[in-house]
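Listed next as C-alpha cells is one chain, alone, in the form predicted alone.
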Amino acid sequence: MISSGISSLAVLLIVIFLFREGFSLFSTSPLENKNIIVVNKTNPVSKLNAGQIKAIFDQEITNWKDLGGNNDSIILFTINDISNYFSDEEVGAEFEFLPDKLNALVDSNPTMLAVYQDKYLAKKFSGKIVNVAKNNIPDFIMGKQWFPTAEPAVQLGVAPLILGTLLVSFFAILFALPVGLATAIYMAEVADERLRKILKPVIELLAGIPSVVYGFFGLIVIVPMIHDVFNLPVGETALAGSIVLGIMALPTIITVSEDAIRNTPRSMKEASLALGANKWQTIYRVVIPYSMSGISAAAILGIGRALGETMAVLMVTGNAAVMPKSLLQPVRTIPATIAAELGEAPAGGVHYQALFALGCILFLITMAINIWVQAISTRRKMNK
C-alpha cells in the first residue's frame, strides 16, 4: 500500500509539474528577452500578433496600411541599428543616454517600428508601446510554423510536430502489430517447445538494445534503401522512422501477446477441437478473442513505445518541422523536438515553456489512445 501510494503520488506530481510549466506559456508574450515594440504616438496601430511581427521582419509586410494604419512604409529599427543613428559619445559609455535617444528617435519618425528591451524605455516616454497578443492555445495547436528562437517574436505552431508524430507512430504500429501478433501466435500455438525456448529469449533480448543502436541501423540500412528504392534526394523520411519504430516495438508486442495467448485455458481449445473446428479456426475463434485483453495491452505498450521514442526517430526522420504530406518526406516528431531543443532552451523562457506544452500534448495523445484501446477491449468483452 505504501509503495503504490508513493508511486501514485510521484506520477501525480510529475503530471502537475508538466501541466503547470506547459500552460504557463499561454500567459506570456511571444517577445523574448524582455523586448518591447514601440511606435510613434501618432501611429494608429496599437496591436500586433506574432505572425504579423514575423511578416514585418521578413519584409512580407512593408506598409502600415496592411496592419490597419496609414499608407506609409514601415521603418524598422532594432538595437543593433543604433550606430546608424547615434555616435558612441551620444549613447554614452554605459548607455546612460540611450533611453532618451531612443525616445527622440521614435518621436521624430512617425513611420518607425522600434524593438528594444524594456530597460531602455525612457522615463518620460512620448511614444506608444504596441500591445503584442499573448500566446494562445488555438494558434499554438493550429499554427504551421515552428521557429521557437525567432527574433523578435517566436513562432510556436505545433501542427507539423503533432502530425509528424501521429504519422510515424500510426504506420509503425500498422507494421508492427500484425507482424508481432502473427509471431506471438506462431510461438504460442504452432512452434514446438524447443524452438520456442530459443526464440523467446532472442526476442526479449531485442527489447534491451539501446534506441541509438536502432538509430544507427536505420541510418546505415533503412535510410539508404529508401533513398535508392524511391529515388529521393534524402532517405531520412517518415517511412524510415516508421520502419525503425515498428522494429523497436516488435519485442514488446510479441512478448506480451504470446504470454496472453498461452494463458488461454486448455479446456477451451480442446472443446473447440472436439466440436469439429480445426487448429486455425480454434486460434481465430477461441484463442484470440479470449486473449484480446492481453493483445490490447501489447498494442498500448507498442503505441507508447512508438509515441515516446526520441533518439532513433531523431536520427532517421530528417528532423524537419514541416507539414507532412507523405511518408516520403522528412518530418519531426514531438519527442525528438523536446530531446533536441530542451537543453538549449533558457529555463523559464518562452521556448522552455513551449517544450513543456509539447510534453502536455504528447501526454494527452497517449492517454487518449490508451482510453480508446481499453474502450474497444471492454466493448468486445461485453458483446461476448
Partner chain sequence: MNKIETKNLNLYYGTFHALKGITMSVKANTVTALIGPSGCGKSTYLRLFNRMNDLIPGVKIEGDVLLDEKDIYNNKGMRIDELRKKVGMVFQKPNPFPKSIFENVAYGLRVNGMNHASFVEERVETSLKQAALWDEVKDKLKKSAFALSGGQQQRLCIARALAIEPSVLLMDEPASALDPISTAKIEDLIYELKNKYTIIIVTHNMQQAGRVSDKTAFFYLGDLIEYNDTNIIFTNPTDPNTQSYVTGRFG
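Rigid core: the largest C-alpha set superposing within 1.5 Å between the two forms. Keep in mind that this is a model prediction, so the values were computed, not measured. Residue numbers count along the first chain shown, from 1.
Not on display, but discussed next: the form predicted in complex with its partner chain.
None of the heavy atoms of Ile220 is located within 4.5 Å of its partner chain in the predicted bound form. Taking non-hydrogen atoms only, Phe171 never approaches its partner chain to within 4.5 angstroms in the predicted bound form. Interface residue remark: Pro138 is not counted as part of the site for its partner chain in the predicted bound form, having no heavy atom within 4.5 Å. Among residues of the shown chain, Val229 is not one whose heavy atoms approach its partner chain to within 4.5 Å in the predicted bound form. This chain is drawn without its partner chain; in the predicted bound form, the residue among Ala159, Ile203, Ala104, Ala277 with a heavy atom within 4.5 Å of it is Ala277.
Residue Thr282 is the only one of Thr310, Gln145, Thr282, Asn109 with a heavy atom lying within 4.5 Å of its partner chain in the predicted bound form. Screening 263 to 271, 180 to 188, 296 to 304, 237 to 245 for residues having heavy atoms within 4.5 Å of its partner chain in the predicted bound form returns a single hit, 263 to 271. Along 209 to 229, not one residue places a heavy atom within 4.5 Å of its partner chain in the predicted bound form.
The rigid-core alignment places the CA of Ser108 less than 2 Å apart between this form and the one not shown.
Once the rigid core is overlaid between this form and the one not shown, Pro224 does not reach a Cα shift of 2 Å, moving by less than that. After superposing the rigid core, the C-alpha of Val286 moves by 2 Å or more between this form and the one not shown.
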